[in-house]
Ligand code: FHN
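Consider the single chain below, provided in structure tokens and representing the form predicted alone.
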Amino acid sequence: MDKRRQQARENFRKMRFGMFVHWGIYSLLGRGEWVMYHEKIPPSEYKPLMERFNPHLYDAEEWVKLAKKSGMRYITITAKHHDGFCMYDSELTEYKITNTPFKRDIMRELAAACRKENIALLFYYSPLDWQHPAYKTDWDTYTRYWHGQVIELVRKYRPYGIWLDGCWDKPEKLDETWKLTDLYRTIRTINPAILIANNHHQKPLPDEDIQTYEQDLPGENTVGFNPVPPDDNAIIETCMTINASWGYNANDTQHKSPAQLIRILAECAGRDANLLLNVGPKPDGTIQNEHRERLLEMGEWLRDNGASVYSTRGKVFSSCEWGTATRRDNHIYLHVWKVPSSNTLLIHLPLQVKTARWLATGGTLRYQQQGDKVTLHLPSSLPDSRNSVIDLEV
């Protein structure tokens, strides 16, 4: 593997937390990004939405500053979703953001804002396309089209990575059907360090870097999208929504609590995975307040506890009924949100514990160690009910 790609992989793993953005002309309808498919809206009725799309309040710098305050280190955004509309200035179609009343190139502005704030930018791209006539009639023509668009994204905006979604629509002979290896090797002639994710729900191909779990913790398959166990050679990532929707859904009020989201982030790190947490901006270009508030609270927690998430590795213990654990250098971090009835935490650790402190405050904890058994004495009420982190120096 190219050393530049290997370094990019390691840097990406260390980031641990990113913002997923599902945004397109579907936001005008306020019923999610699959509205065209679910409501069987024909292209002739759906495509005119672009004539009304004018996100006049969109501010790329404000988005990136929100991500940064929330403790996120990268952004993955929909350059093209399944509806085929391009949120960037593609030279290969007229069905794009610069032909709307808004006119501006959203991706160019976001790429500049990300560079300014040192936030990595990845582009989601859907090879599946509900409106392109060649998708069902001329596969060679369509393959040239979508390959050309991915190559265009890499050349024009120099993203950190490409995140594909939709190859599950034709899962047989995956690589041969979609000509994935050909595409991957072409874009790596442009940028040898570029990372590639493909949410096809199969074992990652050799040229893919990131294996994504959709709406599930790594290794789980509660929603039926993630039948393949984590691959030892892949960077593992969970992509998840704050409510139940990816694209803006005005009627979806099932927002996860800040405590739930903080614990999901910790669980991902504990399983040696990143968390890509989604927002679905409104048609005016703003991110809804319910999502902003939760992200900012996560950022506040990370300011005190980020050492237990960033640049850590997981899989410290086989199971943790009280929470989860991460590790970095000579530190083991215990993420605790369930206090055992005994108010003691027993862990098996074949290392000598030097100190035990609350990471956020520096306050010490009483503990005893006999061989590989460490007993920690907890207060009946945790300092932070969302997730209190114990820093064991070993």
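Residue indices: 1-based, along the sequence shown. From a predicted model like this one, the values you see are computed outputs, not experimental measurements.
One more form of this protein, predicted in complex with the ligand, exists but is not displayed; see below.
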Per-stretch contact check against the ligand in the model of the complex, the hit in 131-139, 152-160, 198-206, 173-181 (non-hydrogen atom, 4.5 angstroms): 198-206
Heavy atom within 4.5 Å of the ligand in the model of the complex - the one residue of 263, 96, 82, 294 that qualifies: 82
Contacting member of 88, 74, 146, 124, with respect to the ligand in the model of the complex [4.5 Å, heavy atom]: 124
Residue 235: touches the ligand in the model of the complex, heavy atom cutoff 4.5 angstroms: no
Residue contact check: residue 17 to the ligand in the model of the complex, 4.5 Å heavy atom: no
4.5 Å heavy atom contact, residue 248 and the ligand in the model of the complex: no
Residue 214: touches the ligand in the model of the complex, heavy atom cutoff 4.5 angstroms: yes
Any residue of 134-172 that, in the model of the complex, places a heavy atom within 4.5 Å of the ligand: 163, 165, 168
